[in-house]
Every structure is written in structure tokens, then in C-alpha cells.
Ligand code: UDP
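Have a look below at one chain only, the form predicted alone, in C-alpha cells format.
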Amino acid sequence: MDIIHEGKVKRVFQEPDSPERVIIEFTDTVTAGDGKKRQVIEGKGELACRMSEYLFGYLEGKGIDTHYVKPLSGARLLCRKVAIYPIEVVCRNIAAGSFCRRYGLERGEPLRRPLVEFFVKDDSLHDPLIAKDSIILLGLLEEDVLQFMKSVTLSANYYLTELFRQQELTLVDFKLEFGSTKDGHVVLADELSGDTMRVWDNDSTSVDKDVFREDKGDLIEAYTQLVDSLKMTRPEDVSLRPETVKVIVDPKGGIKNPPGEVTKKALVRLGFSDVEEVRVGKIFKIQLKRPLTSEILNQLRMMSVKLLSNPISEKHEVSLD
């Protein structure tokens, strides 16, 4: 098989029978600190692969699009071929790791709500934190893709948190990567394992890569505990999370907007003389039965064209914020 990419802990091979699929091989290498700390631990790749297999399959079952297709022998997965985006997404529920160092917080402090952060995927720059506006300004990703990635990340956070809770485990934070398929669909990719997430037991003891990162104990023992816990979960008991999106319809510029003109006159009569123009549009809040996918986004755009807006006089935007 031809190797397409070799990272710090995984290899990606071209699937011989299909140009649209790849084989991801998990190695026994584990790294920390931008690869400065590195060790080969026998059996680690197999455990990380089994975690990813289970969690990708679980999220697929809840309606989240991923690159996962099926397990293969050994520490390998068959996946859809995607172009990985240069931005990593981190979701945090509890303060830990670099977040504590960055803001001077105590380890274990709960956040008021899940926090989604973006990082540049570049080891030479030490994967720096980056603002959404900077991503767009630098041309790394478009705003609609970033909104989509954030929406899917929050959905994944809900489903993963609820699954781990069944085994009295706490999902502290996790990293996700996304990519685009040949037909332009944005999907969750890379891996979901103890290498890419922090999970604590009831005593706030790590059962993830922090065991290796901080020399806390036996990584294989921790990963085995995590795999065994996942095998005991009941995905069917995790209820579906309704998703809400907004379709914003605005009048096009240069076209008269009678409701806006009436509103402007009323505001001026009330003493708001600084009002120059008012244009009145519409906002539709649409609740979905399952997590957002590229297919659903396309359906929302078609809804806007066919029913929610008048293409002649109005413009529309699907908002995920």
C-alpha cells in the first residue's frame, strides 16, 4: 500500500481498491510537548484504535458525519479520504492543562458552559490559539465552515459527555479535526481516543494521555480502563439533542423596503432623529431532529430559495451561532 501521510502517532495509507478511501494505522508511539517527549509503548496503538472505532461509530449512530467506515484487522480503520483542514478545534468543559496555564486557573474548575477554541495545526508554530476573525482574514477557512465545525463540536461534546457519564467518567476537554470529502462534505476526521481527550474518573484521576504527559502511571492500564468502560456504555440510552439553526432573510440593497420605511418614520416621530435607514427582514428558527451535516446545510439553503425568501428581492443566510 502507498503511504499518503505519516504523523507523530498515525500512518495513512491509500486503500488499494478505492481512491476515495484510506487506511489509518495507529502506531504504538505516544508523544507530548510538541513531540519533545516521545516513547513507544507496546499495545497503545491498538487501544487508541479501538476507542476511535467505538466513538466514531457511536457519533455516526447519533447523526454526526465522520470519515469512519469500518474496523480492519490490527490497529487499523478504513475511512473516507478527506482533505484535513489546517485548524484544530478544542472543546473544554473543565479547566485543565494549557487553559489553566494561560489564564491562571485552578485545575478542575468547571466552566459555565462548553468553550470552543480554534488552534492552527502547525507543529513549527506550536499549534497557536487563533481567533475566528484571524482564521477568516488569513484565508485559512471560510466563516460558514467555522460555524459548522463549532456546531458539530458542541453536538459531539453533548453525546460524548453523556456517554462517559454512564460510567461515572467526566469529559474534561477534547480535540477534533475536520476535513472535506471529494464531494465537498465537511466531516469529523482523525481520531477520538485518550490521545486527543482528557477523561477523569470520580477522583479526578486521569485515564488519558496525561498519564504519560505528567508521568502519573501506566498508560496501557489507563487506556485499557477507558476501553473497558466504553464497552459497558449504552449508546441507545443517550437521547437525541435537538439542534436549532437560524435562517436570516434580508431585503436586497437598492430595492424598496416598505416595512423599513414605515418603521423609520415612526422612530423619527419618537425623537430618534439620528436614524438614517431601517430595513426590515425576517428570522426563521428551525429545530432539527439530528446534528448538523453538510447535507442538512444544503437542504436549509434550498428551503430558503424555495419557501423562506424571495430570491428576487431578498437575500438569505443560514446562521449557526
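For every residue, the number given is its place in the sequence shown, counted from 1. Note that the coordinates shown come from a computational prediction; the quantities given were computed from them, not determined experimentally.
FYI, the form predicted together with the ligand isn't displayed, but the following is about it.
In the predicted bound form, the one of 250, 127, 201, 162 near the ligand [non-hydrogen atom within 4.5 angstroms]: Only one listed residue qualifies here, and that residue is 127.
Proximity to the ligand in the predicted bound form, single hit among 174, 212, 118, 178 (heavy atom within 4.5 Å): Spelling it out, the residue with a heavy atom inside the cut-off is 174.
Interface membership of residue 101, the ligand in the predicted bound form, 4.5 Å heavy atom rule: Because a heavy atom of residue 101 falls inside 4.5 Å of the ligand in the predicted bound form, the answer is yes.
4.5 Å heavy atom contact, residue 189 to the ligand in the predicted bound form: Residue-level check for residue 189: no, no contact with the ligand.
Distance check, residue 141 to the ligand in the predicted bound form, heavy atom within 4.5 Å: It does not: once the ligand is placed as it appears in the predicted bound form, residue 141 has no heavy atom within 4.5 Å of it.
Partner contact for residue 96 in the predicted bound form: the ligand, 4.5 angstroms, heavy atom: Judged by the heavy-atom cut-off of 4.5 Å, residue 96 is in contact with the ligand in the predicted bound form.
Region of this chain that lies against the ligand in the predicted bound form, out of 133-141, 84-92, 152-160, 71-79 [heavy atom, 4.5 Å]: Only one stretch passes the 4.5 Å heavy-atom test: 84-92.
Stretch 194-210 - residues with a heavy atom within 4.5 Å of the ligand in the predicted bound form: Result: 195, 196, 197, 198.
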